[in-house]
Structure formats: C-alpha cells, structure tokens
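Okay, here we've got a single chain as structure tokens, the form predicted on its own, with questions on binding and movement later.
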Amino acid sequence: MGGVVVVGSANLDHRLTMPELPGVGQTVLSTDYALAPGGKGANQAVAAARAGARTRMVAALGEDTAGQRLLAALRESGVDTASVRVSPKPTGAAFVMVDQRGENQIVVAPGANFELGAADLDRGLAELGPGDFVLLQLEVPGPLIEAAIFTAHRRGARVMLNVSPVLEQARSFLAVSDVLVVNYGELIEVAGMLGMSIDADAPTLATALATRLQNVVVCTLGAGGALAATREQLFEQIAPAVAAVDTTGAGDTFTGYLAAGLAGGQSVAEALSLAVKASAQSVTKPGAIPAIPHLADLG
C-alpha cells in the first residue's frame, strides 16, 4: 500500500466567530476568538494520517510558538515531520471569520510557507515510490509545485492537486496532475481559465474537464456531497445530513481522506464515499485540525 506525502502550507488559524460576515467597509463584533493549528497542507496531512495512511509533511515553520504548536499537532496525529524545516520567517497565519451558519471568509499571510525550496523537496520526496501519492495545494511557491510533480512522476508516484486558491500559475499544472480536487466555484474558475464553456451543471462540467485534461476531476459540493469524473465514468456521493457548526477545513478533510483512500488501494467510488463522510463529520465541530475525525470515529 502506498503512502501520502503532502507538500504544502502550515498556518496558525486565528478564528473569529460572528453572527454575520462583514460586508465591504463594515465593522462587526466577534462573539468568540480562538487560535488553532491549520493551513491547507497541514490540514490535509493530518486528515490523511487520521484516515490511516502513512503520511509525511514537507513544510516550513517559523522559530516561534505558532510553529511549535503546529509541529506538535502534526506529530500528535501521526504525521512524519522529518521534512518540516524551521525558518527564520514567522509561521504562516490565517485569519478565519465564521458566521452563525458555519460559512467562512479566510485571509492568509504565507510567512515561512514561501521559504520552502528545492532542498526541502529533495529531502521530503527522497523515499517516494510507486503507489505513493504526492498531495499539493497552491499556498506554496509555483516552482516548488512544478518540481514536486516532476519528481513524483519520475519515481512512479501519482499526484493529487487541490486547485486552491485558483491562480493563473495553476494552468501549467492541470494536465500533469493525476487527480484534481476543486469545489464548485473553483471548477468554474478552472474551466474558464482553459476557455471552456461554463454554462453547465457540476457533473457535466467536471466530466468535460476530465476529458480535456485526461485525468480524474473531483468536485466537492458542500452539503450536497461530492463527485468524481473521468472521461468514461461519473461517481456521485451524497453527504449525510449534519448540523454544521464551522465549515473551515472541511475541504481539506475531504482531500486528505481521498488521498489516503486512493493510496491505500481503494477504488475512486470507495475513497469518495469515505472522504464525504469524514468531511461531513468535520463541520460539526469548530476549527480545522481539531475537527478532523479519526477513521475509527466514522463507524
């Protein structure tokens, strides 16, 4: 069975809870403030580890208490942190605003995340082999993502790219990734970036994109579940009904579980089903990493 190597960001989340998210120029009062470990890369690494996969994280943290807190959170979840480097830059930070419906707005200050370089990648991917997945997002420098994809394929591993946030640099990574993970809004952005018609529903658009890129396109649909498309097949999974408290990290929980399932030999349908279940459970608790369920919690 393969493992998962996550190359990505690690941030300390500053979580603010409020009745309504602010509009432009508006000031609102927060009803709660909390600090918690997060960042797309770290969230996905923890999710993959809690899903039972052998997981390694390639990241950069600052020489500060935030970095120490993140490192502890990764280790406590069973993530191999031998390739997490300490940088003189401050640890990345995310400022997360959450309303009473669990919807959020997020601003990220990259900090040490943008200090990742070729040497970190060489060390982190040194033991990569066939059956493994390299899991990437777009919160670290573009050249690093490109190098990670090249190294993964050279060593027979597969690449899962979470196209988030959608940046112009993503265009060159799309067709060389084996699995793309997007939400519906990101799906529309990616299709538009490639000049495709976006006047279609999610299943049709995901199938068209998978056909165009010759890979697997996975689209999360929030409370509607998720789907996975290839040019030949479409898999759809409805999400269980839950009372959402905070949707922060739900997509990362999904992506980490999906990577763990595929690396562990599950079919696309099996991995999709488990990832949707884990993601749904994660929104019933506040925070990102604190809310990610362990495999045993899913029943």
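Not measured: the values here are computed from a predicted model. Start at 1 with the first residue shown and count on from there.
What comes next is about the form predicted in complex with a small molecule, which is not displayed.
For the options V190, A94, V98, L144, the one in contact with the small molecule in the model of the complex, meaning a heavy atom within 4.5 Å, is A94. The closest non-hydrogen atom of A278 lies beyond 4.5 Å of the small molecule in the model of the complex.
Contact check for T255: every heavy atom lies farther than 4.5 Å from the small molecule in the model of the complex. Taking the partner from the other structure, the small molecule in the model of the complex has no heavy atom within 4.5 Å of any heavy atom of A126. At a distance threshold of 4.5 angstroms between non-hydrogen atoms, V179 is out of contact with the small molecule in the model of the complex.
Heavy atoms within 4.5 Å of the small molecule in the model of the complex are found in one stretch of 270-278, 257-265, 50-58, 244-252, which is 244-252.
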